[in-house]
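Take a look at this one chain, the form predicted on its own, written out in structure tokens.
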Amino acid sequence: MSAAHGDEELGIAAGEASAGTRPVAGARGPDLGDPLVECLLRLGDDRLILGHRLSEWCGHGPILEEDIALSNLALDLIGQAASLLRLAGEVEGRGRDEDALAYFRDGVQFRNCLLVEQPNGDFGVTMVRQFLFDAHSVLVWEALAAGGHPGLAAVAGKALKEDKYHLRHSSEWVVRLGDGTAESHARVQRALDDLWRFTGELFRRDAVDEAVAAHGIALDAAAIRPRWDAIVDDVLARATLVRPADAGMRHGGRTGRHTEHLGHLLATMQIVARSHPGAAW
């Protein structure tokens, strides 16, 4: 994709059902008129998709300890996603649990940001993607843990402890690689330049964000952005990396308009559940 100035809506290439799967009863997305469900899906889908991306490193990590660390991060994120999607199903009231929401929705029904669905690339790409998301996620959990929605505040309180570790882990790797060899520095700078265009979506507000304030869920992007900038700028300075310009920002994931990468990810993630619907182990 070529970068263009301004905030752009991304065309969808991942909305089709996964190849080889058959329609499933109840696979249609939730009522888009329910902003609370939409909010919970956004939070849950971010972590489900990023958790799956990290799980793809299992057995392929650069060193044994990091292979285990990435798997543990993936488990944390998928656990957070399970709690959030379970809560979304309860609010929705249509009898769908976290498994139904994870495995029996198509790409256009996922609400994750575009950043988390981007391919792993090399280890540097994975760490930059993780760091950019972690810095935002910690701030989101801090706000939600102090919010007025009891169920979401409980999830946020636990997740905040996990994500503080995630942020420390990913930021240390960005510094280590950025301030490392010429090769590692060049790779991480390229990763940052490529992924930066997906960060603007993290701070976009829409009608859903406005509506959920009535439920005690207040995510103030104007307050979060300066704190995120400070975290990111500090790490990039220590990593001797150059912050890219805020141009050509991409968005669309929050409304189901994804890159082609999500369709391939869902085909892998959902194949067993869709091949054997209703099966139990």
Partner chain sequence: MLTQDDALRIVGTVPDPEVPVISVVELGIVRDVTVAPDGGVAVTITPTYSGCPAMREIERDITAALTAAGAPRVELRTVLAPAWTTDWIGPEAREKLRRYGIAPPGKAEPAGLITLMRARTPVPCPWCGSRDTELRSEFGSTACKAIHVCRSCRQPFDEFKAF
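Residue numbers count along the first chain shown, from 1. The structure displayed is predicted, hence computed values, not measured ones.
Not pictured, yet referred to below: the form predicted in complex with the partner chain.
Heavy atoms within 4.5 Å of the partner chain in the predicted bound form: does Gly180 have any? Flag for Gly180 set to no.
My question is simply whether Ser171 lines the interface with the partner chain in the predicted bound form - judged by any non-hydrogen atom within 4.5 Å. Yes, Ser171 is a contact residue.
Can any non-hydrogen atom of Val108 be found within 4.5 angstroms of the partner chain in the predicted bound form? Result no; Val108 lies far from the partner chain in the predicted bound form.
Ala69: heavy atom within 4.5 Å of the partner chain in the predicted bound form? Ala69: yes, in contact with the partner chain in the predicted bound form.
Which is the contacting stretch out of 113-121, 133-141, 206-214, 188-196, given heavy atoms within 4.5 Å of the partner chain in the predicted bound form? That would be 133-141.
Please tell me which of Ala100, Val125, Leu160, Val91 lies within 4.5 Å of the partner chain in the predicted bound form, judged by heavy atoms. Checked against the cut-off, the match is Leu160.
Decide yes or no: are Asp46, Gly200 and Leu202 jointly within 4.5 Å of the partner chain in the predicted bound form, with each residue judged by its heavy atoms? Result no, not one residue of the spot touches the partner chain.
Heavy atoms within 4.5 Å of the partner chain in the predicted bound form is the criterion; list the residues of 61-80 that meet it. Going through 61-80 in order - heavy atoms within 4.5 Å of the partner chain in the predicted bound form - the hits are Glu65, Ile68, Ala69, Asn72, Leu73, Leu75, Asp76, Gly79, Gln80.
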